[in-house]
Ligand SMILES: Cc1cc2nc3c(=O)[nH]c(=O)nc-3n(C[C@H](O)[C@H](O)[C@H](O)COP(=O)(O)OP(=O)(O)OC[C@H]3O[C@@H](n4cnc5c(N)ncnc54)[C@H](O)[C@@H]3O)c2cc1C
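Take a look at this single chain, the form predicted on its own, given in structure tokens.
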Amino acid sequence: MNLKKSIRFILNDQEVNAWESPGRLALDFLRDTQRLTGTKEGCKEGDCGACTIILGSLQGDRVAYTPMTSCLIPVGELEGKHLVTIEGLNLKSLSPVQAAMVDTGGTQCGYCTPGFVVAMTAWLMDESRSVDLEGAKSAMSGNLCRCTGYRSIKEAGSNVAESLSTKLGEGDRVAQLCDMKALPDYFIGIPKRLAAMQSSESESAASTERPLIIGGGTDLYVQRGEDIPDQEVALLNLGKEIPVVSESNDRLILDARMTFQAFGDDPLIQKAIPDIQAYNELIASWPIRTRATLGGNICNASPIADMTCLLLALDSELQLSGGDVARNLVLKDFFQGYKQLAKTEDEVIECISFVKPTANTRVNWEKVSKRAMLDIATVNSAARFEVEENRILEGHLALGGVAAIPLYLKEASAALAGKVVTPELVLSVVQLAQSEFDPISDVRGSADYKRLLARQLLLAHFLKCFPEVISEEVVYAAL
């Protein structure tokens, strides 16, 4: 069966009509078909950033640009978009980012350099990101360099911020960067070109096989990347536009295709979970957060899934479709065993919802990993408390990394209902929680170590959420 179809998009400044299998990786298409070898193949798992590109999507009369790793993007998802590689950023003279990398000696072997330049350029294009050293470091968080030790690259980011921070004002940063010759002029015409390109998708050959469902692909392409181009795929991101978070009947409603980055940037989520952006910085790099989806994190069913742990503590509910009937299911009943889910093969998660936090809601998320940033959790934990003065009306506790599934602590959570917060209550609930799991040793830590981490993270929730009642001195003196 011929899986190939027509895929129209703009590649740098040229319109492309590719005849490709939709599941083929954008990285392979760029290097092997287009011979744009500035985009480097490194880990091919989204970790190193050598293959970073910038992907633009038409939103109204403007194009929103985000950095992504091309090793995790299916070509089919490029339909109607603007794909920018390192070659598409070149000007007659060096751009401010390129010049800064040269001036500071920010490149040695050079293999990672295109990814750094692309990431820093994407940072300048994003109006929500601060033009300072911290903004530059956050933008480069998904890029690895084995040669420089990063000092010279961070210095390059600092120099760019210092030279452009006073020149970039409110409004369309892309237009401003074009005016100051920091981006090629062709970017100005991209919105109209994408608008003129909008058309219905070409029909692909019919198949009796069940298509492989792909959302962000951040786990799927790592696990099965070489096989996917030879399979029929259903690309969820080519469906209806992914909406922002909405509110209905005191619940927040999330499209399951929403990315981690969109989740963290959403105003309703920031109001409900004030520390969400700080949590996001610990979960993944910027290019990965622009791909990884909430629904994918849940369905991957990793016992240490960071966002799933938070959604468990929020007592989330899933809306599933694709089976005999659409149905709702609470998230804590979704995981039946290691990688075993309470859904049929035909069902997909459409929406995720949870009760909207109020002024009386306290939410906290904790994580321990080998590296402080951007690493897989050894143990993670989340908590939600509904509070009236010092009384917990209801509590929800979740742990990851201590069981075969993302674990909702049913007994410990139930024990909090209606209780006044005291050191004695906290210690008894944590002790009860320890009886709800029996961790095993693995490459990230021994069973004893994980049990200790779980205790410490559960205690941290109470210390952070009830500082007026609980102190470290009192709690740890009692241990």
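Keep in mind the model is a prediction, meaning the values are calculated, not measured. Note that residue numbering follows the sequence shown and begins at 1.
There is another form of this protein, the form predicted together with the ligand, and it is not shown here; the text below is about that form.
The closest heavy atom approach of Thr121 to the ligand in the predicted complex falls outside 4.5 Å. Among residues of the shown chain, Arg362 is not one whose heavy atoms approach the ligand to within 4.5 Å in the predicted complex. Not displayed here, the ligand is approached by Ile304 to within 4.5 Å at the level of heavy atoms in the predicted complex. In the predicted complex, the ligand lies farther than 4.5 Å from every heavy atom of Phe335. Annotated contact segment (heavy atom within 4.5 Å of the ligand in the predicted complex): 292-300, selected among 82-90, 292-300, 267-275, 169-177. Annotated contacts: Arg8, Ser57 and Val245 are all free of the ligand in the predicted complex [non-hydrogen atom within 4.5 angstroms]. Comment: the ligand is not present in this chain, but in the predicted complex one of Gly76, Gly215, Pro96, Gly400 has a heavy atom within 4.5 Å of it, namely Gly215. Interface residue among Ala284, Met140, Leu183, Ile392, judged by heavy atoms within 4.5 Å of the ligand in the predicted complex: Ala284. In the predicted complex, Ala256, Phe260 are the residues of 245-262 with at least one heavy atom within 4.5 Å of the ligand, listed from first to last.
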